[in-house]
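Presented as structure tokens, the chain that follows is alone, the form predicted alone.
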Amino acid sequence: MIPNALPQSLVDNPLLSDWVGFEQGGRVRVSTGKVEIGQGILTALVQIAAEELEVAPGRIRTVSGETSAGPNEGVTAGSTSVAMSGAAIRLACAEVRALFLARGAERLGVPAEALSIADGRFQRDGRETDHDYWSLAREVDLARPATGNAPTRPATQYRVVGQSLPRIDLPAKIEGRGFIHDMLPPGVLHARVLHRPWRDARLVALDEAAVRRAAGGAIDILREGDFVAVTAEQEFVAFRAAQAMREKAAWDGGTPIPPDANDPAWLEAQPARTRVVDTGTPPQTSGGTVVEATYWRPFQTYGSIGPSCALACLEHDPEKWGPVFGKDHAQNNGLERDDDSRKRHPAPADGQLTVWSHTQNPYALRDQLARCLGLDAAGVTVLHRQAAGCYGHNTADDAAFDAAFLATRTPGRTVRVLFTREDEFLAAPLGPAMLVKMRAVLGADRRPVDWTIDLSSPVHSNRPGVHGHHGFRSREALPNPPPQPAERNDRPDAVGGGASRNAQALYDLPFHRMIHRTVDPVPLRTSSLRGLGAFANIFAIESFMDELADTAGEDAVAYRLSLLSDPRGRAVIEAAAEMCGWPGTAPPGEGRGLGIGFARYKNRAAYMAVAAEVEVDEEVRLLRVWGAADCGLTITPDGALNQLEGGIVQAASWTLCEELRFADGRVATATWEDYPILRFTKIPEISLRLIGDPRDPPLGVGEASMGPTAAAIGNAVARALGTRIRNLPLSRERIMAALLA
């Protein structure tokens, strides 16, 4: 039996051969179920494997997110990849090293302790032994369960972990051959899909003759139910046809989106299921100062710069793909295999479906494609290929379904589906709006004795396979769609929560009540957006902490520290305050302000405190941001800093700019002018500091800076204006309304 101490990824995928293999030419295969979506995870995992196997990182070929060749580690999300896949790879590689050392020692007639490893070669007393991993590979069977008993290398001996290595995924991307969009196999069939404007809309008319004239070339139009797609041999012909289809299609019925859906009053009026979670001891007396405030985060979209893309082929021969990308990209993405690898993972048999997608969960996508297309899961292979990072549930899975469905209608052809910017805004799952009401009763010491967070939100996860639902937009447009789930439940608190993520404040509060109202159903398709409910909850909690400090007449940083006993939390707050010169010199209400925000993501990942300086007149100018983070052992310092800085930039964009609009029953934003994001010219100077102890386990950093950044900006704006704006985004319209109030 696999010990419970093993990481869940090793429990689920116990064979060492699932994780590690030794290939010709002195290469090492390291497989992971986690995928690269811009966070640099493959580089970090290579460093972990190289450290434990004691080989140069350049020897390692990663296989990532391939259902035919790697472990099933679920979805890449929630800042868990290093903690989950990294922990599994660390133990697996340590055990592989121990097994090979034992075999080498047996061959040499010496104790295993007498041997050392230098870049995969076995040495004795610093001298070569003519043995290495590759010479012994046929003698060590790795098709055995991991035990977790092999010792891992101590942090004091690390040579690769903790160093900033060049990202292994960047060279191909810089050269224009690293993304799924660059996959153009011979004879590819280009496809575009006409997306329904709202849920259950019925296509009542389509002028196909006008579409063919507008295409300017030969096209095929496929219509089944309310699903319509166009295919062409030339991409620009398919694009023109798709543009014409949007103009020539007439829709009716279904559930149009109301124009006021992005108003707090609309969300609050919707039906909801309520649960209450109490922590601590309720106060014995009812006296005290009551402070209340309500905060709002609107519906937003993930806004990935690169649109979604997928390819699929029925009866596909993968040998045809050898020269498509070039050597470097093939090595980094598992496209180029030696003969032994082909024997382990043979080409799909005739009748099998192969799908290339930038999905975050290849195995779930495979299973749901099989379910929706009436195929055996064994007959579907999903191969992850990289694209623009999304940090949330985008349309990657939808594009994969579209390509797979069209491939079943054109056997033998590889179908390439590419979304446009308008498709992305119209068809993507939306980041749920959240209404967060805060209430505290302050005791005689002006500290909370009674604390309530009351949050309302649609569900935050509708990925394929969640709620027993397929999760594909186009499947609902085909004839005989599967029934919708009777109700959708949010992610449970035990796995980090959905709307409830970070609703439990980390401060020392004697009584904490969370009221969670799941708004369901809603006439919008909502799902995961980076951080899920943590962004809105941290914005509300940390804004409210400033309001409580103001009520108590105390400094905002000192007030927080008086309520926080966690030493790591205190350390990041103190570091951020020291970095920004807290409390600054600008007097309140004079147009310039300094604010701070703090959280520990999911209350179990990285600690982060952010300070922001702003200047405000008719709009907010973000001048500078400081941040201090404790993420324990940092595998790749540069990668961690990139993640934190990227989170700050995205959170600033959400806080200052982003808000969807609805009109005519649909999402009314179709371009970047309709949905502005933070431009390069608006990005502030950012200073970051990592203060974690490398003896502590690594903690996820991907979403750690999001909520604290929003709170820091909101608190800085409140100081600059002398009045608080509690509804996001902090747009020019809201600034002017606050100034004129």
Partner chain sequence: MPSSADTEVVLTVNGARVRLVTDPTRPLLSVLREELGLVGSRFGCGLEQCGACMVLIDGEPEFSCAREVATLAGREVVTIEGLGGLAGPGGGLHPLQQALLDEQAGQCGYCLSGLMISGAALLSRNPRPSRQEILAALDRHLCRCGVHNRVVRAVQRAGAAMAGAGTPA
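Because the structure is a prediction, the values reported are computed rather than measured. Positions refer to the first chain, counted from 1.
There is another form of this protein, the form predicted in complex with its partner chain, and it is not shown here; the text below is about that form.
Participant: Determine whether any heavy atom of D263 comes within 4.5 Å of a heavy atom of its partner chain in the predicted bound form, and answer yes or no.
Facilitator: Result no; D263 lies far from its partner chain in the predicted bound form.
Participant: Contact between F598 and its partner chain in the predicted bound form at 4.5 Å, heavy atoms?
Facilitator: Output for F598 is no: heavy atoms all beyond 4.5 Å of its partner chain.
Participant: Using a 4.5 angstroms cut-off on non-hydrogen atoms, would E685 count as touching its partner chain in the predicted bound form?
Facilitator: Taking the distances in the predicted bound form, the answer for E685 is yes, it comes within 4.5 Å of its partner chain.
Participant: Is R416 near its partner chain? Define near as a heavy atom within 4.5 Å, in the predicted bound form.
Facilitator: Close contact exists here: in the predicted bound form, R416 approaches its partner chain to within 4.5 Å, heavy atoms only.
Participant: If you check in the predicted bound form, do D182, F239 and S653 all have a non-hydrogen atom within 4.5 Å of its partner chain?
Facilitator: Each of the three qualifies.
Participant: For the chain shown here without its partner, which stretch in 479-487, 371-379, 446-454, 159-167 has non-hydrogen atoms within 4.5 angstroms of its partner chain in the predicted bound form?
Facilitator: Heavy atoms within 4.5 Å of its partner chain in the predicted bound form occur in 159-167.
Participant: Quick one: of D423, E658, E73, E613, which gets a non-hydrogen atom within 4.5 angstroms of its partner chain in the predicted bound form?
Facilitator: Exactly one listed residue reaches within 4.5 Å, namely E658.
Participant: Tell me, out of S565, T671, N149, T281, which residue has a non-hydrogen atom within 4.5 angstroms of its partner chain in the predicted bound form.
Facilitator: If I apply the 4.5 Å criterion carefully, the residue I get is T671.
Participant: Where, within 386-409, is there a heavy atom within 4.5 Å of its partner chain in the predicted bound form? Residue list please.
Facilitator: Residues within 4.5 Å: A387, A388, G389, Y391.
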